[in-house]
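Just the one chain here, laid out as structure tokens, in the form predicted alone.
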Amino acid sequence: MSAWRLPDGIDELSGKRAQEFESIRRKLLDLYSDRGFGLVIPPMVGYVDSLLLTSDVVDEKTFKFLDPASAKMLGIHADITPQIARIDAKYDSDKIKKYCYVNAILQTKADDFYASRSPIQAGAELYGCADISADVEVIQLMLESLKLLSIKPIVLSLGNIAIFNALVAQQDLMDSQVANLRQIFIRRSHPDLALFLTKNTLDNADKFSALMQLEGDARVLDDALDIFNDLPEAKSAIEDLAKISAVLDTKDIEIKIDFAELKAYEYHTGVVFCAYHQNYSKALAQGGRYNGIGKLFGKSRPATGFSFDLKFLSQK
């Protein structure tokens, strides 16, 4: 094997490609700075407990090793959001804080979002505001980021995990069953959902089936309100989606409502969103709300944000 070869899923930038990346990185950071988002550069390595946030998915993607200095288990961050939660918890303030970053991450295996195991994750996160105005702000910033990358038109998919969570809360399910059901929704597998509902007696089984099928333009919101009108948490989540879609600037974007949209990372709690383009086979950018993510660090705050693989998108 040639000494210059890299492991599968690990890549690099050099020459013109590296120059193009650096030019776009600077423009992005200028944009985020103009919008009041302060740059943070978290360390690549941390104690495993502070990197995982009880997320099985993040756990599986995290490289771990024993630190010879402390004899404690360390990890290489596979996702920046846990790092931002730790940084935010250090501040003795309840004020709204805005963060941005462009950092390399490393994952044990590729997934449906990142193009390699060594993406350079760019993103922005807003802490301390539970109002949907914060979700609108980060969604608009995500769209501006893609516009800066000359990617348009965009299809913006909006969903809300709170509806799925409200349905699950009504059931007497074990954690393993909830995890299985969640994966079924992430895969969008109608046959697997039918099989799950056959094997498990659930109240409102018809609502789970309806949830996976509810997708379309803003008109589907009215259908959703009719179906979930007896669930206050679900009704509130649907109303939030209606408000967000109503205030977004629809120039160069098409808004789709997708109630089956669940994120792979378990820490998301509310509104979720993805950006698509017809020339790409998967989401270009994604994000959502993750209230209480800093609880592990002693500071539970509302938060929302987005991220994308700048190394991948800068080369297109």
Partner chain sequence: MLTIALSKGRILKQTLPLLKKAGLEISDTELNSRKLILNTNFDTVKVIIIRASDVPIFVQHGAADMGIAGKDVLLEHGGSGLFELLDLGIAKCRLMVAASDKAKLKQNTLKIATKYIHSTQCYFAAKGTQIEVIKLYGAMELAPKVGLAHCIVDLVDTGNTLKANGLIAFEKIEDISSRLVVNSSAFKTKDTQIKAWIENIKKSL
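Positions refer to the first chain, counted from 1. Just so we're clear, the structure is a prediction, and the values are computed from it rather than from any experiment.
There is another form of this protein, the form predicted together with its partner chain, and it is not shown here; the text below is about that form.
Q: Here the chain is shown alone; which of 243, 147, 188, 235 has a heavy atom within 4.5 Å of its partner chain in the predicted complex?
A: Exactly one residue meets the criterion: 188.
Q: To test your reading of this chain, name the stretch in 23 to 31, 66 to 74, 38 to 46, 255 to 263 whose heavy atoms come within 4.5 Å of its partner chain in the predicted complex.
A: Result of the contact check: 255 to 263.
Q: Is it true that 111, 157 and 282, all three, sit within 4.5 Å of its partner chain in the predicted complex, judged by heavy atoms?
A: The answer is yes: all three residues contact the partner (heavy atom, 4.5 Å cut-off).
Q: My question is simply whether residue 267 lines the interface with its partner chain in the predicted complex - judged by any non-hydrogen atom within 4.5 Å.
A: Residue-level check for residue 267: no, no contact with its partner chain.
Q: Answer yes if any heavy atom of residue 239 is within 4.5 Å of a heavy atom of its partner chain in the predicted complex; otherwise answer no.
A: Close contact is absent here: in the predicted complex, residue 239 is far from its partner chain, nothing within 4.5 Å, heavy atoms only.
Q: Any chance residue 250 has a heavy atom within 4.5 Å of its partner chain in the predicted complex?
A: Looking in the predicted complex, residue contacts with its partner chain do not include residue 250, since no heavy atom lies within 4.5 Å.
Q: Should residue 223 be classed as touching its partner chain in the predicted complex when contacts are defined as heavy atoms within 4.5 Å?
A: It does not: once its partner chain is placed as it appears in the predicted complex, residue 223 has no heavy atom within 4.5 Å of it.
Q: So which residues in 206 to 238, when you check its partner chain in the predicted complex, have a heavy atom no farther than 4.5 Å from it?
A: 215, 216 sit within 4.5 Å of the partner.
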